[in-house]
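Only one chain is included here, represented as structure tokens and corresponding to the form predicted alone.
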Amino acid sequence: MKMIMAVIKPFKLDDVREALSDLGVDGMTVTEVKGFGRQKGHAEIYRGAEYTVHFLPKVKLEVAVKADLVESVIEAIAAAAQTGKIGDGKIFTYDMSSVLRVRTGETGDEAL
């Protein structure tokens, strides 16, 4: 089992959700976050004064999947989230040693 964590642009969330649903991914956790990478923020003008926004709004997705789905999920997220511009995001993969569905007590792949 693997945990896939992706940080993407907020307006691409629905595209990514649809792409994962098409693969049969049943659930995900979504968190609104702020951050920066190479993009390093941007300048905005408010009431005639220019200021720099250092932390940009992003969306963090967390998806737990069976090991055999990892590559297809990563490819689906990358394709759906890509705009071709700086700040498209990153995808991280972690090993999961265990999972437990609280309601039923199921563990392992059955709990996903």
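Note that the structure is predicted; figures quoted are calculated from it, not measured. Quick note: we count residues from 1 along the sequence shown, nothing fancier.
The same protein also exists as the form predicted together with a further copy of the same chain; that form is not shown, yet it is the one meant from here on.
J.: Indicate whether residue 68 is a 4.5 Å heavy atom neighbour of a further copy of the same chain in the predicted complex.
T.: Heavy-atom contact with a further copy of the same chain at 4.5 Å: absent for residue 68.
J.: Given that the partner is absent here, does residue 82 sit within 4.5 Å of a further copy of the same chain in the predicted complex, heavy atoms only?
T.: Yes, residue 82 sits close enough to a further copy of the same chain in the predicted complex that at least one of its heavy atoms falls within 4.5 Å.
J.: Given that a further copy of the same chain is not shown alongside this chain, does residue 23 nevertheless sit within 4.5 Å of it in the predicted complex, heavy atom to heavy atom?
T.: Heavy-atom contact with a further copy of the same chain at 4.5 Å: absent for residue 23.
J.: Taking a further copy of the same chain in the predicted complex, which residues of 62 to 87 have any heavy atom within 4.5 Å of it?
T.: 62, 64, 74, 78, 81, 82, 84, 85, 86, 87, in sequence order.
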